[in-house]
Ligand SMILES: Nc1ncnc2c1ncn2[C@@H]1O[C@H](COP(=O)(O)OP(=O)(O)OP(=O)(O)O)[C@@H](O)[C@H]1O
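A single chain, nothing else alongside it, follows as structure tokens in the form predicted on its own.
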Amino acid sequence: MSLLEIKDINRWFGSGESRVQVLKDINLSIEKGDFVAIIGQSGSGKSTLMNIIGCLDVPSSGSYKIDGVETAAMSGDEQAALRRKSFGFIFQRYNLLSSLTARENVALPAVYAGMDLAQRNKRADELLNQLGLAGKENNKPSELSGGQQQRVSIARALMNGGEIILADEPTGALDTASGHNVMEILHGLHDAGHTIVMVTHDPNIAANANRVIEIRDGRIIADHSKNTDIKPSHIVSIKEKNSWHFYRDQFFESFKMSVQAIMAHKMRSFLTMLGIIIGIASVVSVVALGRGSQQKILENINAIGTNTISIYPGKGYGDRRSSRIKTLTVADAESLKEQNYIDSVTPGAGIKGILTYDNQSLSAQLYGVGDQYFDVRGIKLTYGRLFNEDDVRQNSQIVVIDDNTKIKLFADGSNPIGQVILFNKRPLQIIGVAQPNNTAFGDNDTLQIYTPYTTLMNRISGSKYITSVTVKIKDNVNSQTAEKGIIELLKARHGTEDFFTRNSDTIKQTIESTTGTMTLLISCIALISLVVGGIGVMNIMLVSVTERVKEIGIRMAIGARQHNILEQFLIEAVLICLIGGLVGVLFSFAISLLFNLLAQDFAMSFSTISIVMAVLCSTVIGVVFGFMPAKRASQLNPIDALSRE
């Protein structure tokens, strides 16, 4: 049985009126170990026939069998396996990858066969040494002469065994001396048992072969053999690996090739990343701004009391009758204190009056509060002390002043602790100074002083009613449930709902919801830039595929599977997006440093989840927008790709 058997092969190109038949009823068989030259003028169909023999092209009709196996029924990957294991190509223009060294070019077919790095490099070096290229292993094609490049091409053809060597005009681009050298190498390969099929238009070159087939206008017109007695061939292709190590090595090789492609076009890669960088930096920065502003607002809310409910007379904020409603009493506060869901209760009262000290008279607000008021409201001391439960019980004539009052009354920097001030002509001794209240809920202009509510009611105002009750809810109790309980209790005591409540948790939840919605809205707008960046990645990858069609054809010719090409270009797209995403995150950190340096009100606050999601998003964009160009590259016809310049 013949090694290669062709029956009634026809090949048409084009369609309709422009359809041309290049091969016409070709019948041909080639024995294992033979040296065959196919000769003919340009346009005769000899190169098309060779491409079909090498499974780079498919016939329009007819049968082509290799070792008795019909190739027409094979998939693209099965034909790639034949090119990888059975064929070795020697091209007229060498078809070496310019970004790879001589060693890497020679070893490339073994990459797709699954040979490990050390083994394939060793074999590549041996082949280069045998072909007289010792010391040139690390040279790139541009650093080699034409003859040396052709010898690298021959070494590549032998890398996986090269049972069948297909040489397309192997001396066409060489000077006479280099051409003779190449023919000597081919003779040596034939003597070693390789089956050689050579295409040429030069009868002198064809005369080197054992068998010469002449083709004209797509038909075989002559077939002569010098010797029909062909000695047996024992050339064996290397064994392919299919373990998980194979797939791991394939991935790493694709990764390496992708990195090489990115580094070979640094500026284009950076411009492609730019859209992703801007998009990721925008999203992460917007989320950080949203979190920072939300945290600042929540800090301000905490300053007016965390997990607290305040109770006021009247029907609600803006009720003009609330100042005339006198229904809240200390007894109400004591009743609330007995509830098991309440942590603490602070009655409150307040009046405006004249504050006098050392010939100074100022308008001030005096608050009568309980001993737990300062903890509930988050008021801290600069120095001195706060009043305690005993002070409240004993109606102690003491006062804690705010920072504004200290500045106004003690501008000379003297220590106010122990000094006595008059409020509406009632003496009060200063025991502490509160820290400035810089929150949005603080009043930085009014002079505020605090005394026990018993002192205010019994020694200053004489009123039996309080103006507010601040209730702190236990941590394990739902504040909305507690609020309902408070309302029901006071309605039962008063007989009507002549009061209203303000729940700090409700305010907190509203602000969290509002800022969260705004952050989401702005993030969605920022995501548009990510989509635009993704489209840019797709466009650049399509351009990259177009520019590298010849490279794709070379890789396919030496045995790359479709998924190898798909994987390489997909990894390249993902790498561009992933690197762009990471740079975008770093850029957002730089923005935050500048913002936090200039802004005084609040700082940007980064979320680990948002950063992780941003990087994942950039990776997904790489996969989604890189898939179509990668798929397009993997589906190219090898011979069409090779013919591109």
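As the structure is a computational prediction, the values presented were derived from the model and not from experiment. Heads up: residue numbers just count along the shown sequence, starting at 1.
Keep in mind the form predicted in complex with the named molecule is missing from the figure; the text below concerns it.
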Heavy atom within 4.5 Å of the named molecule in the predicted complex: which of Asn596, Thr619, Ser29, Gln41 fits that? Just give me the one. Gln41
Would you mind picking the one in Gly54, Gly45, Pro59, Gly33 that has a heavy atom within 4.5 Å of the named molecule in the predicted complex? Gly45
Contact flag, Phe627 vs the named molecule in the predicted complex, heavy atom cut 4.5 Å: no
Residue-level contact is defined here as any heavy atom of the residue lying within 4.5 Å of the named molecule in the predicted complex; does Glu169 satisfy this criterion? yes
Report whether the minimum heavy atom distance between Leu636 and the named molecule in the predicted complex is within 4.5 Å. no
Val22 versus the named molecule, in the predicted complex: is there a non-hydrogen atom within 4.5 Å? yes
Only one of these stretches, 45-53, 59-67, 605-613, 585-593, has heavy atoms within 4.5 Å of the named molecule in the predicted complex; which one is it? 45-53
